[in-house]
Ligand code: BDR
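Here we start with a single chain on its own, the form predicted on its own, put down as structure tokens.
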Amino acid sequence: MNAPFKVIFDTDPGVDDAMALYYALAHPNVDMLGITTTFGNVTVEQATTNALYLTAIANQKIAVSQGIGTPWVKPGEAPPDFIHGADGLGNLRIRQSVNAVADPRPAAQFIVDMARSHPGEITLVAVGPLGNLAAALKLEPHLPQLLKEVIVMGGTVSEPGNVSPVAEANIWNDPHAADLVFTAGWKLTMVGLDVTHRVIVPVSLFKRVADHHQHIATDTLLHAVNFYATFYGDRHAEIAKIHGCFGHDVLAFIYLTRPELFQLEEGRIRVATDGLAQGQTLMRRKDIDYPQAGWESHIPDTSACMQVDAAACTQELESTLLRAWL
């Protein structure tokens, strides 16, 4: 067995965030050191509530640190309750009482503290807007050398966007923070719509998991995924046929644990911060001496996932969630 991946999970739970969290908790090689929360699918306060709740009902004691609640520059907008529900988890009818409380440190400080305590060991998996990472960079300019790797679920190279013709939601929500993150100089892999739109997960998978475990955590996940799948089924005929949804955030963790299931391309990525292309992730893939500024050699390369073995990812998700982890 490989040594565990030490992970900080930066998230805005969110249904697919819950999928990702439970995959990570179920995986024997993922050591979850902490969770940092951000706005996006829900407010940052609700994201923190959900992170505390999801970990508590899974009998996990993991530090949860609340992060930023608004974009760096652009005006904030209301969360998409029609996608994830007003509570982010498909409008749960009832929640158990839990006693978990958040870590008092802001998310950016938590990230910096953990990176300093475990230099070169931590992978930061970010599946929401990237303001916490940008704030952590401001606190600690050497953060790219202190973290082992950053994996971002966000962006797109060739696939059309999901909030505009060119932009993916996480990047669009805070494009200024995203551009800072993509140019910071750490080892960074983008798991974007080019691959997440290839992996459609059926609700029946989560029903099998819930039936197997007979546990509140997997029942909660099944309820949330049912809500999420209804949204996607109303908009995509191919998803409606199987009553499923895109995996999105969980693909970031599957890339961490099973990178051989993905094909990558390297290039410099910048983010458009305003105008009709706001949030677009532009990737320079060819060695062309562009006359415009912004693509110079000091801009670091990013690895972008461009192809994926969708069937193997779905099987990996199911087999991991069926493990004895609860």
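Quick caveat, the model's predicted, so the values are computed rather than measured. All residue numbers refer to positions in the sequence shown, first residue = 1.
FYI, the form predicted in complex with this ligand isn't displayed, but the following is about it.
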With the partner left out of view, is V209 within 4.5 angstroms of this ligand in the predicted complex by any non-hydrogen atom? no
Counting only non-hydrogen atoms and a 4.5 angstroms cut-off, does L188 reach this ligand in the predicted complex? no
Does any part of A169 reach within 4.5 Å of this ligand in the predicted complex? Heavy atoms only, please. yes
Hey, in the predicted complex, is A136 touching this ligand, heavy atoms inside 4.5 Å? no
Please identify the residue among N226, N162, T183, Q109 with any heavy atom within 4.5 Å of this ligand in the predicted complex. N162
Just to confirm, with a 4.5 Å cut-off on non-hydrogen atoms, which of A178, V195, V127, L89 contacts this ligand in the predicted complex? V127
Using a 4.5 Å heavy atom cut-off, indicate which stretch of 137 to 145, 99 to 107, 114 to 122, 243 to 251 touches this ligand in the predicted complex. 243 to 251
Of 32 to 65, which residues get within 4.5 Å of this ligand in the predicted complex if you count heavy atoms? N41
